[in-house]
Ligand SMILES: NC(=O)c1ccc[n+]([C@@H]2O[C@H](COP(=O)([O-])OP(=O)(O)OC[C@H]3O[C@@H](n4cnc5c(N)ncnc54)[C@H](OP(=O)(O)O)[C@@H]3O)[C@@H](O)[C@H]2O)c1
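Given as structure tokens, the chain that follows is alone and in the form predicted on its own.
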């Protein structure tokens, strides 16, 4: 697609959302950077001022439908807003954690997307871009709520790809790996499952392995360029990685039968080999 028209990014106050909003403006889009607290984006407008496109900040809380106000002429929606929470063992995870995760990561995406579709259709088509996680490809322990919320969005995207294709709306799923964001930095703590004696050895192995990817972190700027490249590429596949680790994981997932891929990864958590 051509880099023109209106693009909306949710969760643009920091991290990947912030980077993608700036990159869309750099490519020439009229960008609406949305976030729960517009004060968090106060510097964005000045930073985007010299760019070829434009950028304005708007309040949008994906868990509050009254704040979802999308502009006519929409060509690109980037569903980036998401949250993470604590990671106890499954049996110790209260329903409140699941509900909090799903409220933002799933139902928030549903509400914004539901309102965006008529606008994208009226514009003659465009791109619906959902940011999920490359972690949904791997059997990561203690991440059931987070990974399943992202997997739900992935399944929704598959259905929407079929449903919206006739209207010229292309669905894209970005699956980030380790990107230099606050969320990724906060995920470096040991999972709360380490407090459960039966799960402590597995949690310790997971935490040690997590430290091993620190050298593989991709900058927000590089990830954002890859994301906008995919948005503009009419031939991009449904699922795209925006960093080398995610690309490698996605290639490995595509290249093996599902069970073989899972079995190749499980030993890292089960016995430390």
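The structure presented is a predicted model; accordingly, all values stated were derived computationally and were not measured. Numbering follows the first chain given and starts at 1.
The form predicted in complex with this ligand is left out here; the points below concern that form.
Within 4.5 Å of this ligand in the predicted complex, a heavy atom is found for not a single one of 31, 75 and 111. Stretch 77-85 is the contacting one of 152-160, 165-173, 120-128, 77-85, since its residues have non-hydrogen atoms within 4.5 Å of this ligand in the predicted complex.
For residue 36, a non-hydrogen atom is located within 4.5 Å of this ligand in the predicted complex, even though that partner is not displayed. Taking non-hydrogen atoms only, residue 146 approaches this ligand to within 4.5 angstroms in the predicted complex. Although the partner is absent here, residue 24 lies well away from this ligand in the predicted complex, with no heavy atom inside 4.5 Å.
When contacts are judged by a 4.5 Å heavy atom cut-off, residue 177 counts as touching this ligand in the predicted complex. Taking a 4.5 Å heavy atom cutoff to this ligand in the predicted complex, the contact residue among 97, 183, 138, 106 is 183. Contacts with this ligand in the predicted complex, taken as any heavy atom within 4.5 Å, map within 49-67 to 60, 61, 62, 63.
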